[in-house]
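Below you'll find only one chain, the form predicted on its own, shown as structure tokens.
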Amino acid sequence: MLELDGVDIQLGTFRLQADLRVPKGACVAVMGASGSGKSTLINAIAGFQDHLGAIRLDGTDLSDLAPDQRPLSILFQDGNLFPHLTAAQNVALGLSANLRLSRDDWVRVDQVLHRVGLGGKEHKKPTALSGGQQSRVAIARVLLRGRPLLLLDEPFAALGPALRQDMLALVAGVAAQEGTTVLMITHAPEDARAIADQTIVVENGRAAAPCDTQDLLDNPPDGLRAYLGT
């Protein structure tokens, strides 16, 4: 379980508070207007943002751990791929920053590339891959890391609707197989409906406890309703 206990973030005049619980293995959307604090919340969990209060995963307080020590992976909008490295090398970074892997580790890299549908693309660099294929490389790296928590900061926002839905379905399938807990920032209600049973609404300086996605989107609070234009 992911727990945010008395989390309080102050950025100049902006303040964000959170007291919430996310069940282990859940896929939860994070929604709210631009500037409401969605990315700030994710950054605090990832260790990129100072805060008061405790952030715990399965009972372990993450608050004093550096980002690279936290048992989580994060996918950003740009996929964070290195253009001078091949698909296999970009994936292998999930195991070693200097790419010094054993033969068995390279076999694992190859296996995970096949798992996301990139068999035969291991020697291609990002510029030789489509947007969807680049997203699959980023997902493969997450798979290889095998962390229990996955944070998604709109990594597929630049993709077309059909391809975005394919990537979301791939993430949801992988998370279900691995028992991974997922927090996904999105501005698209159709994405939340597609893979998130619950949604956290961020508005008025507070991240609310997760609630049922379908109920929320059928009857959104005023702030979210105005943002969604419903």
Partner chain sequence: MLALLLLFIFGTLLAVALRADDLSGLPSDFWPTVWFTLMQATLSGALSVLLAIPVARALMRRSFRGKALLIALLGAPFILPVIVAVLGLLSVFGRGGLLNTAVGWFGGDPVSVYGLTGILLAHAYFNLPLATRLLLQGWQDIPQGRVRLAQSLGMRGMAAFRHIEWPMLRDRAPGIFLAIFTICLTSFSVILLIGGGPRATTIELAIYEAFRFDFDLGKAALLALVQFAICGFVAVIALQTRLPQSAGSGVGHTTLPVLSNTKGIGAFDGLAIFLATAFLLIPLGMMLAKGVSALGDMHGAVWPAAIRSLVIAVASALGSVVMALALCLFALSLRRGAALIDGLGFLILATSPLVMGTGLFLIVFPFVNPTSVALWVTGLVNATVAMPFILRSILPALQQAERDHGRLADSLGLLGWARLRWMLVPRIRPALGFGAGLAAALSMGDLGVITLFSDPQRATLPMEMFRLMSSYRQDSAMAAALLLVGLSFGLFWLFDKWGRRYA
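Computed from a prediction, not measured in an experiment: that's the story for all the values here. Positions refer to the first chain, counted from 1.
Form predicted together with its partner chain: not shown, discussed below.
* Asked: Taking the partner as it appears in the predicted bound form, which of 185-193, 40-48, 24-32, 160-168 has residues with heavy atoms within 4.5 Å of its partner chain?
  -> Contact-bearing stretch, as computed: 40-48.
* Asked: How about I74: is it within 4.5 Å of its partner chain in the predicted bound form, going by heavy atoms?
  -> Taking the distances in the predicted bound form, the answer for I74 is yes, it comes within 4.5 Å of its partner chain.
* Asked: Is the gap between L129 and its partner chain in the predicted bound form 4.5 Å or less for some heavy atom pair?
  -> It does not: once its partner chain is placed as it appears in the predicted bound form, L129 has no heavy atom within 4.5 Å of it.
* Though only this chain appears here, would R145 touch its partner chain in the predicted bound form if you measure heavy atom gaps against 4.5 Å? -> Contact with its partner chain, yes.
* Asked: Even though its partner chain is not shown here, does V107 get within 4.5 Å of it in the predicted bound form, heavy atoms only?
  -> V107: no contact with its partner chain in the predicted bound form.
* Asked: Looking at A88, L151, L118, L81, which is the one with a non-hydrogen atom within 4.5 Å of its partner chain in the predicted bound form?
  -> Contact check passes for L81.
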